[in-house]
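First, one chain by itself in C-alpha coordinates, the form predicted alone.
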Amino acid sequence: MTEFTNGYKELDHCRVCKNTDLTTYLDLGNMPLVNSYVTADDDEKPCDRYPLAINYCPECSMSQLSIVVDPSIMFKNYFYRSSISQTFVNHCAEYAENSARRFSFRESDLVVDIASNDGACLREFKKQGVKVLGVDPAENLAKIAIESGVPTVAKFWNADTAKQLLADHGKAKMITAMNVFAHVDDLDSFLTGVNTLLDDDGVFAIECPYMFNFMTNTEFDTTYHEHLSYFLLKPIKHLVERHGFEVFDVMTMNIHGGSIRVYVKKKTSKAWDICYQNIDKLLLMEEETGFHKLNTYMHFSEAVKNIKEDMVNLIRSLKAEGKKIAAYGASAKGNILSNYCGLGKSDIDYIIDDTPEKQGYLAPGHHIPIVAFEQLKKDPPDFLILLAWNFSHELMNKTSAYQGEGGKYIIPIPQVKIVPE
(Lines give C-alpha, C1' and ligand atoms only; values in the text may rest on other atoms or scores of the structure.)
Protein backbone atom coordinates (compact mmCIF):
# COMPACT_ATOMS: atom_id res chain seq x y z
CA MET A 1 0.00 0.00 0.00
CA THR A 2 1.28 3.50 -0.84
CA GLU A 3 1.86 6.22 1.75
CA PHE A 4 -0.66 8.96 2.55
CA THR A 5 -0.84 11.59 -0.22
CA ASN A 6 -3.31 14.47 0.05
CA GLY A 7 -4.66 12.86 3.21
CA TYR A 8 -5.24 9.32 1.90
CA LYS A 9 -3.64 6.28 0.31
CA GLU A 10 -4.81 3.70 -2.21
CA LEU A 11 -5.65 0.16 -1.11
CA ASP A 12 -3.80 -2.29 -3.36
CA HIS A 13 -4.71 -5.58 -1.66
CA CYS A 14 -7.41 -7.22 0.45
CA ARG A 15 -6.68 -6.52 4.12
CA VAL A 16 -8.02 -9.95 5.11
CA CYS A 17 -6.47 -12.41 2.63
CA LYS A 18 -3.94 -10.11 0.83
CA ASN A 19 -5.35 -10.83 -2.65
CA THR A 20 -4.48 -8.04 -5.11
CA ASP A 21 -7.25 -8.73 -7.66
CA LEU A 22 -10.06 -6.45 -6.42
CA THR A 23 -13.10 -5.14 -8.33
CA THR A 24 -14.98 -1.87 -7.68
CA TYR A 25 -18.75 -2.34 -7.53
CA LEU A 26 -20.00 0.84 -5.77
CA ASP A 27 -18.69 4.33 -6.48
CA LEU A 28 -20.33 7.26 -4.65
CA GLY A 29 -17.87 9.82 -6.06
CA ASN A 30 -15.84 12.31 -4.03
CA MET A 31 -17.43 12.79 -0.62
CA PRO A 32 -16.68 14.85 2.51
CA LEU A 33 -15.67 13.18 5.75
CA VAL A 34 -18.91 12.52 7.62
CA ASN A 35 -17.71 14.09 10.87
CA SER A 36 -16.09 17.18 9.34
CA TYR A 37 -18.69 19.61 10.66
CA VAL A 38 -18.29 23.26 9.65
CA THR A 39 -18.64 26.50 11.59
CA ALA A 40 -20.80 29.32 10.22
CA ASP A 41 -17.64 31.36 9.63
CA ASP A 42 -16.41 28.73 7.15
CA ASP A 43 -19.70 28.41 5.27
CA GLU A 44 -18.23 29.70 2.01
CA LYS A 45 -15.07 27.58 2.17
CA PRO A 46 -15.02 24.36 0.11
CA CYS A 47 -14.62 21.20 2.18
CA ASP A 48 -12.08 18.47 1.57
CA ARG A 49 -13.48 15.54 -0.38
CA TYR A 50 -12.09 12.06 -0.90
CA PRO A 51 -12.98 9.16 -3.24
CA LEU A 52 -15.63 6.86 -1.77
CA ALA A 53 -15.85 3.49 -3.52
CA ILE A 54 -16.09 -0.15 -2.40
CA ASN A 55 -14.00 -3.00 -3.82
CA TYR A 56 -14.85 -6.72 -3.73
CA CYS A 57 -12.33 -9.50 -3.11
CA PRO A 58 -13.29 -12.71 -4.96
CA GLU A 59 -10.98 -14.84 -2.79
CA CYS A 60 -12.58 -14.25 0.64
CA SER A 61 -15.73 -12.24 -0.28
CA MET A 62 -14.49 -9.21 1.63
CA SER A 63 -15.72 -5.71 0.72
CA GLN A 64 -13.49 -2.73 1.50
CA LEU A 65 -12.98 0.88 0.53
CA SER A 66 -10.60 1.60 -2.33
CA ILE A 67 -8.70 4.13 -0.18
CA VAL A 68 -7.71 4.76 3.43
CA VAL A 69 -7.96 8.30 4.77
CA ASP A 70 -5.34 9.24 7.36
CA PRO A 71 -7.02 8.23 10.67
CA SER A 72 -5.47 11.20 12.48
CA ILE A 73 -7.69 13.41 10.30
CA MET A 74 -10.87 11.48 11.11
CA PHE A 75 -10.66 10.45 14.75
CA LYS A 76 -8.66 12.98 16.78
CA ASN A 77 -11.74 15.06 17.66
CA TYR A 78 -14.89 13.01 17.13
CA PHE A 79 -18.49 14.26 17.22
CA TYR A 80 -20.44 10.99 17.40
CA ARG A 81 -21.53 10.10 20.92
CA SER A 82 -22.84 6.58 21.59
CA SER A 83 -24.95 7.47 24.60
CA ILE A 84 -27.14 9.96 22.68
CA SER A 85 -29.27 7.07 21.40
CA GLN A 86 -31.37 5.39 24.08
CA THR A 87 -31.83 2.46 21.69
CA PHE A 88 -28.08 1.90 21.69
CA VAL A 89 -27.79 2.32 25.46
CA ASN A 90 -30.49 -0.35 25.93
CA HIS A 91 -28.57 -2.58 23.52
CA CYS A 92 -25.42 -2.17 25.61
CA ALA A 93 -27.29 -2.97 28.81
CA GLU A 94 -28.58 -6.24 27.35
CA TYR A 95 -25.09 -7.04 26.05
CA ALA A 96 -23.48 -6.52 29.46
CA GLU A 97 -26.12 -8.50 31.36
CA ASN A 98 -25.92 -11.39 28.89
CA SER A 99 -22.12 -11.42 29.01
CA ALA A 100 -22.04 -11.42 32.81
CA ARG A 101 -24.33 -14.46 32.92
CA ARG A 102 -22.70 -16.37 30.09
CA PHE A 103 -19.07 -15.81 31.03
CA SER A 104 -19.44 -15.85 34.84
CA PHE A 105 -17.79 -12.52 35.57
CA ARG A 106 -15.97 -12.00 38.89
CA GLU A 107 -15.12 -8.72 40.60
CA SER A 108 -11.45 -9.13 39.67
CA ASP A 109 -12.21 -9.52 35.93
CA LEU A 110 -11.30 -6.73 33.52
CA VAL A 111 -13.46 -5.82 30.52
CA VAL A 112 -11.76 -3.65 27.88
CA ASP A 113 -13.75 -1.85 25.19
CA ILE A 114 -11.82 -0.81 22.07
CA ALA A 115 -13.05 2.49 20.60
CA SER A 116 -15.08 3.04 23.76
CA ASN A 117 -16.42 6.44 22.67
CA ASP A 118 -18.06 8.26 25.61
CA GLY A 119 -18.13 5.11 27.74
CA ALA A 120 -21.74 4.14 26.97
CA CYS A 121 -21.04 0.41 26.74
CA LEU A 122 -18.61 0.17 29.64
CA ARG A 123 -20.96 2.03 31.97
CA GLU A 124 -23.31 -0.93 31.53
CA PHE A 125 -20.54 -3.49 32.07
CA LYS A 126 -19.45 -1.62 35.20
CA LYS A 127 -22.93 -2.21 36.63
CA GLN A 128 -22.16 -5.95 36.45
CA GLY A 129 -19.46 -5.52 39.10
CA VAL A 130 -16.34 -5.90 36.95
CA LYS A 131 -13.38 -3.61 36.33
CA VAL A 132 -13.57 -1.68 33.06
CA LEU A 133 -11.16 0.16 30.81
CA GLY A 134 -11.86 2.10 27.63
CA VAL A 135 -9.48 2.80 24.76
CA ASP A 136 -10.37 5.57 22.30
CA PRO A 137 -8.23 8.01 20.25
CA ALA A 138 -10.74 10.86 20.51
CA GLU A 139 -9.52 12.98 23.41
CA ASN A 140 -12.82 14.86 23.72
CA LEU A 141 -14.76 11.61 24.14
CA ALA A 142 -12.21 10.05 26.49
CA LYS A 143 -12.63 13.09 28.74
CA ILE A 144 -16.42 12.64 28.81
CA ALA A 145 -16.04 8.93 29.60
CA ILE A 146 -13.60 9.57 32.45
CA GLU A 147 -15.90 12.19 33.95
CA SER A 148 -18.72 9.60 33.91
CA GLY A 149 -16.61 7.11 35.86
CA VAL A 150 -15.17 5.02 33.02
CA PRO A 151 -11.33 4.90 33.04
CA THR A 152 -10.21 5.59 29.47
CA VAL A 153 -6.89 5.72 27.62
CA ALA A 154 -6.88 8.21 24.73
CA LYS A 155 -4.91 6.16 22.21
CA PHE A 156 -5.39 4.25 18.97
CA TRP A 157 -5.64 0.52 19.57
CA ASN A 158 -2.73 -1.50 18.16
CA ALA A 159 -0.13 -4.04 19.26
CA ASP A 160 1.97 -1.43 21.09
CA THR A 161 -1.01 -0.02 22.98
CA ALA A 162 -1.96 -3.55 24.08
CA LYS A 163 1.53 -4.16 25.49
CA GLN A 164 1.33 -1.00 27.56
CA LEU A 165 -2.15 -1.84 28.87
CA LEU A 166 -0.98 -5.34 29.79
CA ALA A 167 1.84 -3.88 31.84
CA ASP A 168 -0.47 -1.37 33.54
CA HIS A 169 -3.65 -3.41 34.05
CA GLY A 170 -2.98 -7.11 33.46
CA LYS A 171 -4.93 -9.53 31.25
CA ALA A 172 -8.54 -8.90 30.16
CA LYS A 173 -11.33 -11.40 30.73
CA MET A 174 -13.27 -9.88 27.84
CA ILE A 175 -12.36 -7.47 25.05
CA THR A 176 -15.20 -5.89 23.12
CA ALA A 177 -14.97 -4.16 19.76
CA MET A 178 -18.33 -2.54 19.05
CA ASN A 179 -18.57 -0.80 15.69
CA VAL A 180 -14.81 -0.32 15.39
CA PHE A 181 -13.58 -3.42 13.53
CA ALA A 182 -14.86 -1.96 10.27
CA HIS A 183 -12.82 1.21 10.93
CA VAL A 184 -9.47 -0.56 11.13
CA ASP A 185 -6.95 -0.64 8.29
CA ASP A 186 -4.27 -2.82 9.88
CA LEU A 187 -6.37 -5.70 11.16
CA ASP A 188 -3.26 -7.79 11.75
CA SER A 189 -1.86 -5.32 14.30
CA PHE A 190 -5.33 -5.01 15.83
CA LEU A 191 -5.62 -8.76 16.41
CA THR A 192 -2.02 -9.05 17.59
CA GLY A 193 -2.96 -6.54 20.27
CA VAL A 194 -6.04 -8.53 21.24
CA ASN A 195 -3.94 -11.70 21.51
CA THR A 196 -1.50 -9.87 23.79
CA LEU A 197 -4.07 -8.48 26.24
CA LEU A 198 -6.68 -11.26 26.25
CA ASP A 199 -6.57 -13.85 29.00
CA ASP A 200 -5.88 -17.40 27.76
CA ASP A 201 -9.49 -18.32 28.54
CA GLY A 202 -10.89 -14.88 27.70
CA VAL A 203 -13.47 -13.78 25.15
CA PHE A 204 -13.06 -11.34 22.27
CA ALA A 205 -16.38 -10.09 20.87
CA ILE A 206 -16.61 -8.24 17.54
CA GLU A 207 -19.79 -6.32 16.72
CA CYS A 208 -20.13 -4.56 13.39
CA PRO A 209 -22.66 -3.81 10.63
CA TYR A 210 -23.47 -7.00 8.75
CA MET A 211 -22.96 -7.13 5.00
CA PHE A 212 -26.12 -9.20 4.54
CA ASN A 213 -28.31 -6.35 5.84
CA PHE A 214 -26.20 -3.74 4.06
CA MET A 215 -26.90 -5.41 0.73
CA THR A 216 -30.46 -6.69 1.13
CA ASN A 217 -31.71 -3.37 2.56
CA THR A 218 -29.61 -1.22 0.18
CA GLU A 219 -27.91 0.50 3.11
CA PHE A 220 -25.40 2.34 0.92
CA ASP A 221 -25.39 5.34 3.28
CA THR A 222 -23.42 3.21 5.74
CA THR A 223 -20.54 3.64 3.28
CA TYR A 224 -18.22 6.32 4.58
CA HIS A 225 -14.50 6.86 4.92
CA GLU A 226 -14.38 5.64 8.52
CA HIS A 227 -15.97 2.33 7.49
CA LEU A 228 -13.03 0.77 5.69
CA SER A 229 -14.45 -2.79 5.72
CA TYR A 230 -17.88 -4.38 5.16
CA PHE A 231 -18.00 -7.78 6.78
CA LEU A 232 -19.55 -11.13 6.16
CA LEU A 233 -18.85 -13.93 8.62
CA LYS A 234 -16.65 -15.76 6.09
CA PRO A 235 -13.81 -13.19 5.97
CA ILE A 236 -13.97 -12.62 9.75
CA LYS A 237 -13.57 -16.35 10.33
CA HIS A 238 -10.68 -16.51 7.84
CA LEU A 239 -8.95 -13.55 9.48
CA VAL A 240 -9.17 -14.58 13.13
CA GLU A 241 -8.08 -18.15 12.38
CA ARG A 242 -4.94 -16.76 10.74
CA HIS A 243 -4.13 -15.15 14.10
CA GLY A 244 -4.60 -18.22 16.27
CA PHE A 245 -8.23 -17.54 17.23
CA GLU A 246 -11.42 -19.49 16.70
CA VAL A 247 -15.02 -18.31 16.25
CA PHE A 248 -17.13 -20.09 18.86
CA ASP A 249 -20.49 -18.37 18.38
CA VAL A 250 -22.21 -15.76 16.23
CA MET A 251 -25.51 -13.91 16.31
CA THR A 252 -27.30 -11.28 14.26
CA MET A 253 -28.96 -8.22 15.80
CA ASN A 254 -31.35 -5.50 14.72
CA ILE A 255 -29.15 -2.52 15.60
CA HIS A 256 -27.54 0.06 13.28
CA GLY A 257 -29.51 -1.28 10.35
CA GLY A 258 -28.51 -4.87 11.08
CA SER A 259 -25.34 -6.05 12.82
CA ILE A 260 -23.40 -9.22 13.52
CA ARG A 261 -21.74 -10.17 16.82
CA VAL A 262 -18.92 -12.69 16.54
CA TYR A 263 -17.54 -14.37 19.67
CA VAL A 264 -13.89 -15.37 19.42
CA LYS A 265 -11.53 -17.30 21.69
CA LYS A 266 -7.93 -18.44 21.48
CA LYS A 267 -7.65 -21.81 19.76
CA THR A 268 -5.88 -23.20 22.82
CA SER A 269 -8.74 -22.15 25.11
CA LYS A 270 -10.97 -24.93 26.43
CA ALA A 271 -13.31 -22.55 28.24
CA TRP A 272 -16.15 -22.20 25.74
CA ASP A 273 -18.08 -24.68 23.63
CA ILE A 274 -18.31 -23.92 19.92
CA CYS A 275 -21.85 -23.32 18.60
CA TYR A 276 -21.30 -24.99 15.24
CA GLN A 277 -24.98 -24.75 14.36
CA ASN A 278 -25.05 -20.94 14.51
CA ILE A 279 -21.78 -20.59 12.61
CA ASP A 280 -22.60 -23.08 9.86
CA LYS A 281 -26.10 -21.67 9.40
CA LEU A 282 -24.81 -18.17 8.73
CA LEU A 283 -21.99 -19.31 6.45
CA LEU A 284 -24.45 -21.37 4.39
CA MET A 285 -26.88 -18.45 4.17
CA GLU A 286 -24.13 -16.16 2.87
CA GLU A 287 -23.24 -18.66 0.17
CA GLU A 288 -26.80 -19.50 -0.89
CA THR A 289 -27.82 -15.83 -1.17
CA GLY A 290 -24.99 -15.10 -3.60
CA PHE A 291 -22.56 -13.17 -1.43
CA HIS A 292 -19.60 -14.98 -2.98
CA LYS A 293 -20.53 -13.81 -6.50
CA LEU A 294 -19.58 -10.44 -8.01
CA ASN A 295 -22.86 -10.22 -9.91
CA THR A 296 -24.77 -9.83 -6.62
CA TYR A 297 -22.77 -6.72 -5.80
CA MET A 298 -23.31 -5.22 -9.24
CA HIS A 299 -27.09 -5.55 -8.79
CA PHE A 300 -26.74 -3.75 -5.45
CA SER A 301 -25.03 -0.84 -7.19
CA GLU A 302 -28.00 -0.45 -9.54
CA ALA A 303 -30.42 -0.45 -6.60
CA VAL A 304 -28.42 2.38 -5.01
CA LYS A 305 -28.76 4.49 -8.14
CA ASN A 306 -32.52 3.90 -8.08
CA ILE A 307 -32.83 5.15 -4.50
CA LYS A 308 -30.93 8.31 -5.40
CA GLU A 309 -33.23 8.95 -8.35
CA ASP A 310 -36.36 8.34 -6.25
CA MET A 311 -35.13 10.55 -3.42
CA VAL A 312 -34.15 13.46 -5.64
CA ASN A 313 -37.40 13.28 -7.63
CA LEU A 314 -39.51 13.25 -4.44
CA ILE A 315 -37.72 16.16 -2.76
CA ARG A 316 -37.69 18.32 -5.88
CA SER A 317 -41.39 17.66 -6.57
CA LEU A 318 -42.34 18.58 -2.99
CA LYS A 319 -40.27 21.76 -3.17
CA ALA A 320 -41.98 22.66 -6.45
CA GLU A 321 -45.27 22.42 -4.55
CA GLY A 322 -43.94 24.90 -2.00
CA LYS A 323 -43.48 22.34 0.79
CA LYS A 324 -41.07 22.95 3.65
CA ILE A 325 -38.61 20.12 4.32
CA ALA A 326 -36.30 19.51 7.29
CA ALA A 327 -34.41 16.44 8.48
CA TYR A 328 -33.61 14.56 11.69
CA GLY A 329 -30.17 13.14 12.35
CA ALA A 330 -26.93 14.81 11.28
CA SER A 331 -25.49 11.31 11.45
CA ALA A 332 -22.73 9.80 9.36
CA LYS A 333 -25.23 7.97 7.19
CA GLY A 334 -27.37 11.10 6.89
CA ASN A 335 -24.40 13.13 5.68
CA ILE A 336 -23.59 10.51 3.04
CA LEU A 337 -27.16 10.26 1.80
CA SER A 338 -27.69 14.01 1.49
CA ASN A 339 -24.37 14.54 -0.28
CA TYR A 340 -24.78 11.59 -2.66
CA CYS A 341 -28.26 12.81 -3.57
CA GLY A 342 -27.00 16.39 -3.97
CA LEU A 343 -29.44 17.76 -1.37
CA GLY A 344 -28.44 21.14 0.05
CA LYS A 345 -29.78 24.21 1.83
CA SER A 346 -32.25 24.90 -0.98
CA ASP A 347 -33.80 21.45 -0.36
CA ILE A 348 -33.49 20.97 3.42
CA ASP A 349 -33.98 23.98 5.73
CA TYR A 350 -32.30 22.46 8.77
CA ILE A 351 -31.23 19.18 10.38
CA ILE A 352 -32.22 18.37 13.97
CA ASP A 353 -29.64 16.50 16.01
CA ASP A 354 -29.63 15.59 19.70
CA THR A 355 -25.85 15.73 20.06
CA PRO A 356 -25.10 19.09 21.73
CA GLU A 357 -21.62 19.25 20.17
CA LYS A 358 -23.12 19.24 16.66
CA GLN A 359 -25.71 21.94 17.23
CA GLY A 360 -24.79 25.29 15.73
CA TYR A 361 -22.54 23.68 13.14
CA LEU A 362 -23.19 23.08 9.44
CA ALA A 363 -23.37 19.57 8.01
CA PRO A 364 -20.40 18.44 5.90
CA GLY A 365 -20.61 19.05 2.16
CA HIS A 366 -23.67 21.18 1.51
CA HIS A 367 -23.52 23.02 4.88
CA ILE A 368 -27.12 22.55 6.01
CA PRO A 369 -27.61 24.11 9.50
CA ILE A 370 -27.73 21.69 12.45
CA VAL A 371 -30.16 22.69 15.19
CA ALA A 372 -31.60 21.49 18.49
CA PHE A 373 -34.89 19.62 18.84
CA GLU A 374 -36.75 22.79 19.85
CA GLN A 375 -36.52 24.07 16.26
CA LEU A 376 -39.11 21.48 15.23
CA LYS A 377 -41.67 23.20 17.46
CA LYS A 378 -40.67 26.73 16.46
CA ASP A 379 -40.55 26.14 12.71
CA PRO A 380 -42.24 22.82 11.83
CA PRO A 381 -41.78 21.52 8.26
CA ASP A 382 -44.34 19.76 6.12
CA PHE A 383 -41.97 16.81 5.78
CA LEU A 384 -39.20 15.54 8.05
CA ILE A 385 -36.55 13.31 6.45
CA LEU A 386 -35.36 10.68 8.92
CA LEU A 387 -31.71 10.62 7.92
CA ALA A 388 -31.01 8.45 10.98
CA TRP A 389 -33.53 5.97 9.59
CA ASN A 390 -32.02 3.10 11.63
CA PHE A 391 -33.59 4.78 14.69
CA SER A 392 -36.82 5.71 12.90
CA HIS A 393 -39.15 4.24 15.55
CA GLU A 394 -37.33 6.08 18.32
CA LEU A 395 -37.40 9.34 16.35
CA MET A 396 -41.09 9.05 15.42
CA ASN A 397 -41.98 8.39 19.05
CA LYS A 398 -40.00 11.43 20.09
CA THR A 399 -41.74 13.60 17.47
CA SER A 400 -45.26 12.24 17.97
CA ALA A 401 -46.61 15.76 18.61
CA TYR A 402 -45.26 16.85 15.20
CA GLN A 403 -47.01 13.92 13.53
CA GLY A 404 -50.19 14.63 15.49
CA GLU A 405 -50.29 18.10 13.96
CA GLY A 406 -50.15 16.70 10.43
CA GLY A 407 -46.40 16.40 9.91
CA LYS A 408 -45.12 13.61 7.69
CA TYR A 409 -41.86 11.69 7.49
CA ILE A 410 -39.69 10.68 4.57
CA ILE A 411 -37.80 7.44 5.19
CA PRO A 412 -35.10 6.87 2.53
CA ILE A 413 -33.91 3.31 3.27
CA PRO A 414 -34.51 0.52 2.20
CA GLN A 415 -36.74 2.35 -0.25
CA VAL A 416 -37.98 5.91 -0.34
CA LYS A 417 -41.41 6.24 1.30
CA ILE A 418 -43.63 8.80 3.03
CA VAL A 419 -45.08 7.97 6.47
CA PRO A 420 -47.99 8.18 6.95
CA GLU A 421 -48.92 7.89 3.31
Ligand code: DWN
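Heads up: residue numbers just count along the shown sequence, starting at 1. Predicted, not measured: the structure shown is a model, and the values here were computed from it.
The protein also exists as the form predicted together with the named molecule; that form is not presented, and the subsequent description refers to it.
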| query | finding |
| --- | --- |
| Heavy atom within 4.5 Å of the named molecule in the predicted bound form - the one residue of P235, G134, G329, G202 that qualifies | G329 |
| Contact residue in the predicted bound form, from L395, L52, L33, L384 (heavy atom within 4.5 Å of the named molecule) | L395 |
| Triple contact flag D21, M211 and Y297 to the named molecule in the predicted bound form, non-hydrogen atom at 4.5 angstroms | no |
| Partner proximity in the predicted bound form: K333 to the named molecule, non-hydrogen atom cutoff 4.5 Å | yes |
| Contact test in the predicted bound form: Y224 vs the named molecule, heavy atoms, 4.5 Å | yes |
| The named molecule contact at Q128 in the predicted bound form, heavy atom, 4.5 Å | no |
| Any non-hydrogen atom of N179 within 4.5 angstroms of the named molecule in the predicted bound form | yes |
| Stretch in contact in the predicted bound form with the named molecule, which is absent here, among 84 to 92, 157 to 165, 282 to 290, 307 to 315 (heavy atoms within 4.5 Å) | 84 to 92 |
| Stretch 241 to 268 - residues with a heavy atom within 4.5 Å of the named molecule in the predicted bound form | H256 |
